[in-house]
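Just one chain is shown here, as structure tokens, and it is the form predicted on its own.
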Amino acid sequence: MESILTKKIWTLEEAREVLPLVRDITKEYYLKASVLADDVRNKMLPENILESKEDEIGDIIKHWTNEILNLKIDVKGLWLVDFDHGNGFYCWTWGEEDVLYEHGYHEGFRSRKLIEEKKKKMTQINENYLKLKAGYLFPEIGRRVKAYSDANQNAKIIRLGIGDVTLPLAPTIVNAMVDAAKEMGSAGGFHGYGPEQGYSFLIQKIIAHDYTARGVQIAEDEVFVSDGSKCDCGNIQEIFSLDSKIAVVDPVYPVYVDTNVMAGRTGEVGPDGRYANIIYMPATEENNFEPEFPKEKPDIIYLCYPNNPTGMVATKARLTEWVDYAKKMGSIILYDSAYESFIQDPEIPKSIYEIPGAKEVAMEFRSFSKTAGFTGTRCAYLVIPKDLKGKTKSGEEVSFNSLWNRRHTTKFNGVSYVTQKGAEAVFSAQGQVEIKEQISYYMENAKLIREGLGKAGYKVFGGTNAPYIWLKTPRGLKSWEFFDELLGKAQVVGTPGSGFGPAGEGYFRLSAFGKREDVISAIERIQKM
């Protein structure tokens, strides 16, 4: 008890020196408590189990408190600590990257102020970034894989978690880019800055192949070529009011949420992993992965089909319902269709604009990354119809197309000429043959994974119209528990579903973008577990 009772007066330097340890201790117990908190919220559990889990949470908090007190640091609240500096306290709470605040002895958390030293010597940051959950998912995957690899140096680990392609660029694409590079090396063929929105030769091919062929009319100035859908999905929120409320399917591609957190549209993250002021729409086996329409009005609705991470698709009837809902609520749909080329069912829409009236309520994001193996080459495009409008505070209607055009031309210098010539080659007759062969290769991988897991007794979803397989973890295991089991027993790496959102707990994602021999070997190993 002496270490707890002995008083320590901390300098600011000492507090900052010990903070990494405090943060690591807090992270460990915070994550444990968060997992249990998810269970406690499940009111369908028997009362005795709920009480048991509540007791576990209490024990976790007690252990955390004791470890912090043993460092001679005061505990003032849940995940909140104070360092006594002789005239008050330096204050730190979970989620902050440094000891930045202080308050008097008779003041609390609400009264804390920025440390004077910080005010004088440092520029103020965008504190919305501090709301972000630390990048637990992929860094944690890397940490666990490294730890296992270090301890089992002869193990051949197969990675089926990453969503990156493995086949090389198709020959027609490579030839087009080589020719374009040679053209750039000639006086008559050199190209400097091109149009930020993209060259007409590419935009015209996009429109003809992806829209006109499906009976959709899109104008050239409604297409914006970019260096990736991830950038577009993250940047698009800049043209919406900070007061706009977003709705996301849960589980969800993290970029949708994180960029809105950075912008300041959300509150703090709760122990359940959900941010305040975001509408979450759970998509689970129980609702056939079809989220209910929000009862609260969303200004922005993020939809992704084929879905990452679940691999599910939206029928024409369901998309029609979404379009009708957006019209009724006055909402805008941000439709991420990056995986449309993997759709095998001819009855499934590849574009939301196949739905009548969608151009009045939706933007569409497309990418060459998975379609043509451009993950390292970088090319995508965003379609914003001129019919799509928002309003100012005074009620004046404004075209989102014009807003994005200004943003795009101000902050982006355009995709390189060489890359766009490669993208143009995707739409050539031979280019289509070659990329369809690659897509078939990945979809055969998906079939092998889906059927192999099914034979092993797993409940699987997706993988028929998308390159992702979403499986239910066996025996009620948590997503991370199954990750450890799969790595330890089969040396196979996937992605825990909980990393995509709270509703992903109890699920696991496998990717079909691996090499065929690795896919076959991974399934054989899993079947032997």
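Nothing here was measured: the structure is a model prediction, and the numbers come from that model. Start at 1 and count along the sequence shown; that's the residue number.
Keep in mind that the form predicted together with a small molecule is not shown, yet the notes after this line are about it.
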Hey, in the predicted complex, is residue 259 touching the small molecule, heavy atoms inside 4.5 Å?
-> no
Is residue 112 close enough to touch the small molecule in the predicted complex, meaning at least one heavy atom pair within 4.5 Å?
-> no
How about residue 342: is it within 4.5 Å of the small molecule in the predicted complex, going by heavy atoms?
-> no
Taking 4.5 angstroms as the cut-off for heavy atoms, does residue 445 touch the small molecule in the predicted complex?
-> no
Checked 363, 301, 380, 223 for heavy atoms within 4.5 Å of the small molecule in the predicted complex; positive is 380
Pick from 370, 421, 450, 265: which residue has any heavy atom within 4.5 angstroms of the small molecule in the predicted complex?
-> 370
Within 4.5 Å of the small molecule in the predicted complex, counting heavy atoms only, one of 348 to 356, 321 to 329, 97 to 105, 334 to 342 shows up; tell me which.
-> 334 to 342
